[in-house]
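In the block that follows, a single chain appears as structure tokens, in the form predicted alone.
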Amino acid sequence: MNEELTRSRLNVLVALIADTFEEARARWLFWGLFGLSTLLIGLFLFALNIDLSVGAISVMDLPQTARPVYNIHKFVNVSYSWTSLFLYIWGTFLAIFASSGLIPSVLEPGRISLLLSKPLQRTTFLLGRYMGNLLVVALNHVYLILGIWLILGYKTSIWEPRFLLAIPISLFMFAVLLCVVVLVGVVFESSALSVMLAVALMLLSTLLAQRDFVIRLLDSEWSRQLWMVLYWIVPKVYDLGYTMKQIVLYDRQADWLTPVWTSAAFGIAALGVALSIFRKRDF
């Protein structure tokens, strides 16, 4: 009996994920994401017309007499690291904008009443929407980052697998910020507010990450403590991006565990609050 119930709930969850995916296609969000990603890939393809050696010498001001293999390899590593950081920021911003309307749209009067009239648990319903959003963005991230990696590898003949870290790291951070989008969508039913708060957290993370410098400027203990409390609460968008860049560029050990677990804790808390409110809300 328990196995049948579990299988039934799993089938419902899969159906909700598929429904969210189909809605993203119908609203042209899916195709919009892939269209913009294709445009970006096209720009990188255009860069194939640039001679690598000339580009390295021009961009990095390398002397013509220096060892060309070393300089080109250095230029490529720098290109990989900055490109991974750009895709991390670009992909997260784009995914937030694209996903912000998928939660409020399903809470429209009439539609939500029809959905909840079916034998469907509210927790399963909201998690299905969340995971469907994640699937749409995951497909786009893999397409974009893998495509650009293939272009850079083909152009330079230097295949740097660390560059592909941008896929799981970008998806992880989007999954955390999507929890905020879901929470705001459930409480306020506003896609615009969802975008504003998620982007505000990204900007706030960048500001709070400068804690070593700012704490020296603050003249009171309570303000320093407040800054550190906010730093540990807010998702570590900046820290995780910086860590990824260091790993891709230098292939060195970096503290990725701290930004991951603190950001994950924030996302789980936000999603938990959203689920609790959604279960008790009267539609």
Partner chain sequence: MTTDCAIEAAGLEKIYQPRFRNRQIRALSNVSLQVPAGVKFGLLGPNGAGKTTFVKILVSAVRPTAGTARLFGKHATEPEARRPVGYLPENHRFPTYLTANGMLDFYSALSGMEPRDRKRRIPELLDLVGLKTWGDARIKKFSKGMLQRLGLAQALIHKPKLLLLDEPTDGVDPVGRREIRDILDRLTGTGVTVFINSHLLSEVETFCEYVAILRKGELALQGKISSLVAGRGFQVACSPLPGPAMDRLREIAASVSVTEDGIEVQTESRERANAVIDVIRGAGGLIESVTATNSSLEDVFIRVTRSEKAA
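Small disclaimer: the values here were computed from a predicted structure and weren't measured. Numbering follows the first chain given and starts at 1.
Missing here is the form predicted in complex with its partner chain; even so, the following discussion is about that form.
Inset, instruction - Have a look at 146, 204, 127, 120 for me and say which one sits with a heavy atom within 4.5 Å of its partner chain in the model of the complex. - result: After the contact test, the surviving option is 120.
Inset, instruction - Select from the listed residues 26, 228, 43, 217 the one whose heavy atoms reach within 4.5 Å of its partner chain in the model of the complex. - result: Here the answer is residue option 26.
Legend entry - Options 148-156, 172-180, 102-110, 207-215; stretch whose heavy atom lies within 4.5 Å of its partner chain in the model of the complex: Checking each option against the 4.5 Å cut-off leaves 102-110.
Inset, instruction - Tell me, yes or no, whether residue 188 is in contact with its partner chain in the model of the complex, where a contact means a heavy atom of each within 4.5 Å. - result: Within the cut-off, so yes.
Inset, instruction - May I ask you to check whether residue 16 falls inside a 4.5 Å heavy atom distance of its partner chain in the model of the complex? - result: Yes - in the model of the complex, heavy atoms of residue 16 and its partner chain come within 4.5 Å of each other.
Inset, instruction - Evaluate residue 138 for contact with its partner chain in the model of the complex, applying a 4.5 angstroms cut-off between non-hydrogen atoms, and reply yes or no. - result: Flag for residue 138 set to no.
Legend entry - Close approach of residue 275 to its partner chain in the model of the complex, 4.5 Å, heavy atom: No.
Inset, instruction - At a 4.5 angstroms cut-off on non-hydrogen atoms, which residues of 140-158 are near its partner chain in the model of the complex? List them in order. - result: Going through 140-158 in order - heavy atoms within 4.5 Å of its partner chain in the model of the complex - there are no hits.
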